[in-house]
Structures are given as C-alpha cells and as structure tokens.
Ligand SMILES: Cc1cc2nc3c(=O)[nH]c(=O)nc-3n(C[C@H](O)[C@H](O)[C@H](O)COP(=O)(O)OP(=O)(O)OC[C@H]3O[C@@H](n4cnc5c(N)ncnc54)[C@H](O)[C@@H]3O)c2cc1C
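Quick setup: one chain, the form predicted alone, written in structure tokens, and binding and motion questions come after.
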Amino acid sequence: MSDLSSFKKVFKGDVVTPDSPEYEQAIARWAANSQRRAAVVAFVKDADDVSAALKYAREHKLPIAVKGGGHNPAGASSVEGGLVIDLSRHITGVRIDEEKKLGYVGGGALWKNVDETAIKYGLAGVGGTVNHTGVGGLTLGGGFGYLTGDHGLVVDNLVQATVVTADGSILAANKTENPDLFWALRGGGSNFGVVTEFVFQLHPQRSTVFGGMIVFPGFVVDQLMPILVEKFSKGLDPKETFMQVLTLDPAGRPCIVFTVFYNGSEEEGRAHYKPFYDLKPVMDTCREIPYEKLNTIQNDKVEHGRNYYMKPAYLIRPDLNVTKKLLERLPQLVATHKDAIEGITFVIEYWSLKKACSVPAGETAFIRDPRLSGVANVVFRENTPEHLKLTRQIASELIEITQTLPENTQGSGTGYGNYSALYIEAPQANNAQALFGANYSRLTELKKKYDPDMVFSKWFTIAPAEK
C-alpha cells in the first residue's frame, strides 16, 4: 500500500496500520475470537471520510468491514487483511430534539450514550439489554429491547438514516427519500451501506424503573415453569420484560436466573412478579433503579475480551421438559469439557411482542415472529480451532434439545439474526434467504441497486438479483 499517503491527504480521521502503536487496541473486539488482523483501520470523522475509505478500499481490492460497537460475535466488524471503517472514535454523538422527541445518534455510538443522554430530557428509545452494544448493529438487525413491549423494535422507531452506499454516495433514507433503501435498512443488516447517523423516535420515560436479578435453584423448575406457561399463554404485560437464564451456580449446580424489568416503581414491580417471589428465590438483587442503569444489569456477565459463541433459535412456547433437559445437560457438558469451556448458559427472552407484531408483514425487511427468542451462549478458553469446534458442537446440542418440542422446528430455523455466530461457524453457508423469508427477493433487487459488487458482505450476505 505504497500510496496510503495519498489516502491520508483526503482523509480527516485517523489511519492505523499494523506498525502503529495502537494497532492491537484498534482491532480488539468484544468477543476476542471475532478479532481479525486488518491491513488498515480507518477511524472516520464523517460521511465524507467513509466515502473516501470505501473508494480507497475498492481501488486496492481490500475487503471491507464496518465497526460501530464491535459487538458481533461472528466477526462482522472485523476483516483479515482488509480495511475496517471504524465509527467508534469520532462519530458517537447524541443530540436530542426535545420538542419533537427525536434522537440524532452517531453511527458509532453505544446504547450507553443514548440511554444516558435521552433520559436527561425524560425520554428513552428502544435500545437492547446491554449498554455497551453498538447502536448500528442492533438497529440494522431489527433490535429488541426492554421497551419493546410498549414501543416495538428499534427499527420501528427509526425515522431516518444517513447512509454511505458502496459507490460512495451519501444518501438520506426515510419514508419519502430513498424509501426503498429505508425499508432495506430496517432489518437488512449491514448489507446496504454505512450508516453515519440514525434518527430515532424517542418516548416519554419515567426516571426510575424496577429491575435486577432473581435466582432460583434448578430443582424449583417444576414449580416455576407452570408460572411461565400461564404468563406466556395470557400474554405478557407491555411494561415487563424478563430473561430466563439457565446456568450453573458457583458450585456447579443448575440454577435459573431471571433478569427482570418492570416499567414502574419497586412496589409495582414486586407486585407484578409476586408469583416468582412466592417461590422464595435464593437471591434477589431487584430494586428501583435509575432508568439509565437498566441496560447495565447484565454488563458484568458479558464483559469484553472473552471468547464468545452464540447460537440462536426461536421457541414456540415455554416447555417444562425442554427446560429440564437443558438444566440436566449443562453441568455434564461443563464438567466434561472444563479445560476448554469457561461457561455455558441458555437464555430465553420474554418480550411482549404484540406491538412489534402489529406492524404489517413486509413493512420492514425484518421478519416478525411471535415466538420466544432463545440463544445458547458458550464462553471458551482459547481461540483455537479445537476449542471453537467443541464450542460449536455444544451450542448445537443445546439447540437440538429445544427442537425436541416439534413446534420449535417450524419457521426459518435461524433464530434472531443479531445473535448468530454464523460467520465463525461457516462463512460459505449463508442463511440469508432463511432469515429474510418472503422479503429476500425484494432485498436481492435492492442489493443489485445499491451494492451490486457485494462490497458489504459480512452479515447474512444478500446476493444481488441476477442482471
């Protein structure tokens, strides 16, 4: 790259290469196993910088990755020997229009930035469940969050995006300007360009909420699951969200952890979750907390720098037998593979999906599915082919247990796309058609229009329609 100097002359941001002192930090990611050794990391300052970086990469036939929060476990924000367009250093601002209840958010911002800024105005957006997740990846992949019950998905609250497309054009995408691109961005992932600014509809939000963790020993499962079955069959309250985490306690015994949220006071939250409390949990960290702390509850369970593998699946309903099989298998797997595996959890997310699924089919690229979202999470010790192979086998086995309930085999089988480690597992086995279902054909036409050369190909890659 003898002419990198010419690129630097037109580029306002920072250019990092393997001989730079900050190189290792520049390629570090949330999941250590998703790190790749890029030839160039371009910390862009604005949309023009993104355009210049795309032009340079294409002229020199460098593959491209785009980094916002760097939270994708499959390595979508990294590229071996290519160029990373990194928005996380300079494009992280959040500006609030209090009157219109809009948030203008830089493409490299984290949800922490959004949560902490918006609540100062008594506002909030739908923004995931871990605040060091990037705004960009979560949004473009659909986006569930604690407020999904009241306000739908993140993409349902996207008003506009500023996008740099593969040819370097800088476009506004909303319902009236480039509406086809706007449609594709709402669930189509990073297939269509680099978003340098998101504009979100925000909503009035009380300053404190009820949240925390409730822990039960695994043997309570027979009493606990009927509560979940009844709750799910009646329909969840839009003000509640909770995650059921099947895992092991420090002594290696099965336990069930609930990360709970209720958009109200502590008194209201405890009354709402009374059926759980009647079973006398062995630990309860729940209390009334500042809203901006809600997305921090799980942070210390998913800290940066470990080797993560995630395999998702949709589940038709809570099931006692499936849950018992998972709880039985977890300690066996950890004990057998303790030299390679740090920990295993299986998480089932309970959102009220009535609001999200009220959006007509085909309104966005994201496919609405009224099922529960489940995900097998495996943390492995060493980033080696052997440990990764074992990790994949363990995650697949856990997902297969969920498929013993016949109804769970219906649908695409991909699970929630933002949780997929597909590109670690098998880059050549692209499940985009399964993920996007009936929307895939239209997406291929738009790929042909906006990215016919497949410059963006790091997440459920959509092939352009044949010319």
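Just so it is clear, the model here is predicted, and its values are computed rather than measured. From 1 onward, residues are counted along the sequence shown.
Beyond what is shown, the protein has a form predicted in complex with the ligand; the following relates to that form.
*Asks:* Within 4.5 Å of the ligand in the predicted bound form, counting heavy atoms only, one of 331-339, 130-138, 199-207, 219-227 shows up; tell me which.
*Replies:* Going through the listed ranges, the match is 130-138.
*Asks:* Looking at 184, 294, 195, 79, which is the one with a non-hydrogen atom within 4.5 Å of the ligand in the predicted bound form?
*Replies:* The residue in contact is 195.
*Asks:* Have a look at 144, 276, 350, 258 for me and say which one sits with a heavy atom within 4.5 Å of the ligand in the predicted bound form.
*Replies:* Residue within 4.5 Å of the partner: 144.
*Asks:* May I ask you to check whether residue 56 falls inside a 4.5 Å heavy atom distance of the ligand in the predicted bound form?
*Replies:* No, residue 56 stays farther than 4.5 Å from the ligand in the predicted bound form.
*Asks:* Does at least one non-hydrogen atom of residue 379 fall within 4.5 angstroms of the ligand in the predicted bound form?
*Replies:* Taking the distances in the predicted bound form, the answer for residue 379 is no, it never comes within 4.5 Å of the ligand.
*Asks:* Is residue 415 close to the ligand in the predicted bound form, meaning a heavy atom pair under 4.5 Å apart or at it?
*Replies:* No, residue 415 sits far enough from the ligand in the predicted bound form that none of its heavy atoms falls within 4.5 Å.
*Asks:* Although the partner isn't part of this model, could you tell me whether residue 66 comes within 4.5 Å of the ligand in the predicted bound form, counting any heavy atom of the residue?
*Replies:* Residue 66: yes, in contact with the ligand in the predicted bound form.
*Asks:* What residues in 304-323 sit within 4.5 Å of the ligand in the predicted bound form, counting heavy atoms only?
*Replies:* Going through 304-323 in order - heavy atoms within 4.5 Å of the ligand in the predicted bound form - there is one hit, 310.
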